[in-house]
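This document starts with one chain, in the form predicted on its own, laid out as structure tokens.
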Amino acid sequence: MKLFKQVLTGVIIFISLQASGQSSDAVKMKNFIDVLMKKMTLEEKLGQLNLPVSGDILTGQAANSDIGKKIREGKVGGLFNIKSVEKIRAVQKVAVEESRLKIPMIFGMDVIHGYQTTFPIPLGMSCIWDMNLVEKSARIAAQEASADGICWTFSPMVDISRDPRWGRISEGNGEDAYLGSRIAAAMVKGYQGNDLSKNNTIMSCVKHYAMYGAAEAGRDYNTTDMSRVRMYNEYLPPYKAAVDAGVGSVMASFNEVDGIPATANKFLMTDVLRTQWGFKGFVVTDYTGINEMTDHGMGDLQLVSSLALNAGVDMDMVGEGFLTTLQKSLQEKKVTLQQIDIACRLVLEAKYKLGLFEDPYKYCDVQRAKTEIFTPANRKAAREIAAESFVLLKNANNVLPIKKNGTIALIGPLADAKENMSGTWSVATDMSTPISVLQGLKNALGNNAKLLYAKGSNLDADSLFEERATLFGKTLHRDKRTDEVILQEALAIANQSDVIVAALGESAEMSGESASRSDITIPKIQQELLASLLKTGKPVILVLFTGRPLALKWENDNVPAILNVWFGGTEAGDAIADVLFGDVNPSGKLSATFPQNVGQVPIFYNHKNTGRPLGEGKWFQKFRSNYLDVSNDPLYPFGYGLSYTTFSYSDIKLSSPTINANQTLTASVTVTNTGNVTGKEVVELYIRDLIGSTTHPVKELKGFQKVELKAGESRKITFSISVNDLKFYNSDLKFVAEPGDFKIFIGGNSRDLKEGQFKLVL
């Protein structure tokens, strides 16, 4: 009878779990953490919510450091920006062998676009438009980071930005919510794989939630304010896509939203993230995000810490407000023990999912660290991916590709600047390993052509500006000679050459965090160098380094060829050579609009019409929405990018002129490679809702396919459109589709498109 009751009880529990949707693994995790938390003191629970930076912990000193003392006392839940198996093992040993409850720690790092093998900066990666390659880059980054002890990355950053003055546009995926959402999901999948408990996957942290990329005036950390309709339709989707993809953690942004800093914003952290989207992971602040709310005017450290916890934040990065004030706030009934328990549980669950309770040292395999980081295979992948990210902006008279003969002059402050090739937020990169443009061209040419090099100019005439723009070991080795002497040296070799490659633009740290710019042109001294090179009469190819859309009106008007290479990572030099010499045909497409000048900012393709739109093909009309001194047109539109071949598009064919809620409409075009070489084309699908209860953008990206076609080859490209593709958040924030007329556009960029029309019938 006793055995029968036990079996019956087990069956009842199993049926109950099935009905509630809980798996046996989830139950095991809950039971394990229930037991553990019953043993924990309040101080130990608060300790799990504390995420200090690693400081100067050295191998062999972990136990004796201040951090080591706190770990031993159960006051630390994890560390970030500590790397290497040896250091992490030493610190983990203190946690699991010397603390009372032996709770393992989680170790995080800003693995933003690769670990030691560095891929293009995220803005560059987003120009690939190939989700398999995006996912592959994150998979390799996870493989390398996990081999070096890291189990948590503060990536992907998915903040939509339409303002290139903002330095952190370099870390995101551009201006479009649909493209950004696809990339967000691919990155999460790449990092986390299908099983977080494996030792070659790492937990992802989507950031910065939310609307950080809409900072006013493009100034970092600045206020954000927008309507809920815009928020839901244009800025929130990539964060939701990451949540839907199973991201393990979310990072709060620095900016305020609706007058409340995101770190204390219950609407964002609880109402949207958990209630509406069903997020089950934990929320961590950004660096001192809680403390900074004091300067926002929200109160002292105790008050802002309680506000953050009440809003739904679970872990405090660096500030130690949770650790030092929540006990008092609990006594004063400003927070509840239930809130602390929920936060603690979520952090412990993350560690459980990572398998750290089963094996705290699972990421500390010395052999993996020796054999899985910066491997030839990883470097090969990085080279191939970098070449896919480059965007050919101009190629008059087919100046590119260059022939591997004659005399080539390579000139510019970015030509021999290997420390800058990896771009901003490349914290694990060994700066001695990246391949410069100079080295890449040497590798490609061998003895087939004569290569001459001169710096031509410094990054900027202002040495103090250059110092600010070359932080974190990314020196450009400033030339102390006079500007005129440096220039004349360059002109001497330019006059000896058959073609000039000018490596100009921004340094790696001219974009990124705290690197906003009010002037988004190439520094003046480099513009003067470029003008002097053009006066030689030799063909000039601008190899443009940048972490943001730049204002390049003069360059576009005067330079024959412009290849935007962003910052391509550790293998950048070889990848640039691959494209310059035609071994790889460029296929990148812009994920952010390039303005004619900074006065057009913010400028983006999916804008809305006003009641007084400028007439089609017009520059200026009085009493219309336009400028006196510049057209409304961008310099280079969203989705734009040239190739060494050309493509033509047939008219759009629709399977039906109407669609209803239960149907799928197919739209097809035939794309033909009309040039002489094989090339890749990104076929882009846009839709416009012509009439609605709220206004709609003039077009919105709804699909894309990247295809490779041989010279003369044609291929039919088909897109399926369902009612879900036509939905939007209305003024009541309900996700709906409304009946009526729609336009459909297909083409190679957001400007040059074939057009059709259909009707939604509901």
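Just so you know, these numbers come straight off a predicted model, no measurement behind them. We number the residues from 1 along the sequence you see.
Absent from the display: the form predicted together with beta-D-glucopyranose. The rest refers to it.
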Since only the chain is shown here, I'm wondering whether Y232 would be in contact with beta-D-glucopyranose in the predicted bound form (any heavy atom pair within 4.5 Å). no
Determine whether any heavy atom of K207 comes within 4.5 Å of a heavy atom of beta-D-glucopyranose in the predicted bound form, and answer yes or no. yes
Examine N81 and determine whether its closest non-hydrogen atom to beta-D-glucopyranose in the predicted bound form is within 4.5 angstroms. yes
Does any heavy atom of Y178 come within 4.5 Å of a heavy atom of beta-D-glucopyranose in the predicted bound form? no
Of C344, I71, I522, M317, which one comes within 4.5 Å of beta-D-glucopyranose in the predicted bound form, counting heavy atoms only? M317
Of D416, E349, E86, D286, which one comes within 4.5 Å of beta-D-glucopyranose in the predicted bound form, counting heavy atoms only? D286
At 4.5 Å between heavy atoms, only one of the stretches 248-256, 543-551, 637-645, 460-468 reaches beta-D-glucopyranose in the predicted bound form; which one is it? 248-256
Contact set, 600-622 vs beta-D-glucopyranose in the predicted bound form - heavy atom within 4.5 angstroms: none
